[in-house]
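Shown here is one chain on its own, the form predicted on its own, set out as structure tokens.
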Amino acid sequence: MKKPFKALSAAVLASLLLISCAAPQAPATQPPAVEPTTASADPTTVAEPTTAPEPTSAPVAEPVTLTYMASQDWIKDAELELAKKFEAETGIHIDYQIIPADQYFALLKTKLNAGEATDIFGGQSGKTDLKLQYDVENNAVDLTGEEWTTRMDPNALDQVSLNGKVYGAEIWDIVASNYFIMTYNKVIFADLGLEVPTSYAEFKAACDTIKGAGIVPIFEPISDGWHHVLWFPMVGPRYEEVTPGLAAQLNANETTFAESEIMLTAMTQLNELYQSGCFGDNTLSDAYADTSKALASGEYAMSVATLTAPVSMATDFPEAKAEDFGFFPIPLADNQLAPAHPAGPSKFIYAKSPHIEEAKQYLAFLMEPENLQYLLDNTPQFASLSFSGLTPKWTAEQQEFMNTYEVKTIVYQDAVNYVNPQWMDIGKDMVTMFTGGMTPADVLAAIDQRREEMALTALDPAWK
């Protein structure tokens, strides 16, 4: 069934990717390359996990409970341990309310509109999201004067800022956990005599060879609604390379997605991968939670995943080896650039919370250097954090990727306004395309229609 491109519903404004993804105001000039701010001198050295800091003070006389709502996978086990230490030190309890990813943003929007949000709420960073999804100037506390802002990566800090004020705390790995790239099984490639592809044609040929050997070329979990969308905006640096200034033109309403030949090429190639069976027979029902299992099994040769995916896989499946996996950029439209992506899950303090000072205290506690290091060392999905003064834990394979592939610009969900808030709707349109109800051109036109409606809602002067 063809998806209408007209009136934008509340669900569109509520839809948003978890993992990964936010859409800031793109600069007039090409943004600088994003480099890890905590690179180690010896990239092959993996830091030993540290122990959580011991309590240093007695509990307060009257304990407070802070409520904290977040999407699934945003709160790591190490943070839960730190919350226990925080309670032991201060008497302040953290009540985590974890919501399924496909329900989270709709629920958050409902609570914000009703004036009933939790003391702390999670959200993807990015200027469009801060303005349209969370209305941070009315719903979040200004954190500009907090000490930890001076240690935060400038690119990440910009993603949680609006009109010169800081509203969020992004405690996230903006490189190893944010660079979604092709993760491939080096053993399978070697057995089949395959080289790392440097173009879409080579990539498609490799998929055909792998499929001919009885192996599913790519594990693509479409059922979650968000993962398959990554293929398209993550190659934004390639769009910018082919059409310099395209992001700025889009933000100025001087062109559209549908008018971009390079975007049409990428969307058409993605559809070709699906139609030719490169994602396997179960892709529509495959789930992201099974990524580690799929890679460890050897039944799949590749997946779009992060630089820490093999480390997480080896943690869950010790029989698998992280060093057996390598990385290369998503090769749609012949992309060979690394996907700089400084936006990610962030923490905001609700402006109407009765416990604003206690919430600030908790954020400050989490961002003490020793606690950040504990979180980093004890989270397999992280190799670095977006703060200075920490010791990262890059593997040789991760460092090889960063040394091989150039970083030029940020991904399009960060660079182009009104893209990230419609993430899940883009995913629905892509599924309709896969199943024959829309063409690649139709999908691009739908993105344009929603962008226009969001821009008008935001009173964007470029759309007047």
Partner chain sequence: MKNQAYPFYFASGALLLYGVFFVLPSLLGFAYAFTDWNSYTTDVHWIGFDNFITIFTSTKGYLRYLQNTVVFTVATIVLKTVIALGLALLLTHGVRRLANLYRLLMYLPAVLPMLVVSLVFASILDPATGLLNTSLRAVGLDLLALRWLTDIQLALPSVIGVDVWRGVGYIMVILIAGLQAIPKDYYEAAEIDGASGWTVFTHITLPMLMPVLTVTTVLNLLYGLKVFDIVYVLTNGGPGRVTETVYTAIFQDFSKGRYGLATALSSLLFVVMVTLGYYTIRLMHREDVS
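Positions refer to the first chain, counted from 1. Being a predicted model, the structure only gives us computed values, none of them experimental.
Beyond the structure shown, there is the form predicted together with its partner chain, which is absent from this document and is the topic of what follows.
Shown without its partner, this chain lists Met182, Leu264, Ile188, Leu284 as candidates; in the model of the complex, only Leu284 has a non-hydrogen atom within 4.5 angstroms of its partner chain. Screening Leu337, Ile75, Ala252, Ala106 for any heavy atom within 4.5 Å of its partner chain in the model of the complex leaves a single hit, Ala106. Taking non-hydrogen atoms only, Arg450 approaches its partner chain to within 4.5 angstroms in the model of the complex. Residue contact check for Leu132: one or more of its heavy atoms lie within 4.5 Å of its partner chain in the model of the complex. In the model of the complex, at least one heavy atom of Lys428 sits within 4.5 Å of a heavy atom of its partner chain. In the model of the complex, its partner chain sits within 4.5 Å of a heavy atom of Thr432. Looking at its partner chain in the model of the complex, residues Asp102, Asn113 and Thr457 each place a heavy atom within 4.5 Å of it. From the list 407-415, 420-428, 391-399, 64-72, the contact stretch for its partner chain in the model of the complex under a 4.5 Å heavy atom rule is 420-428.
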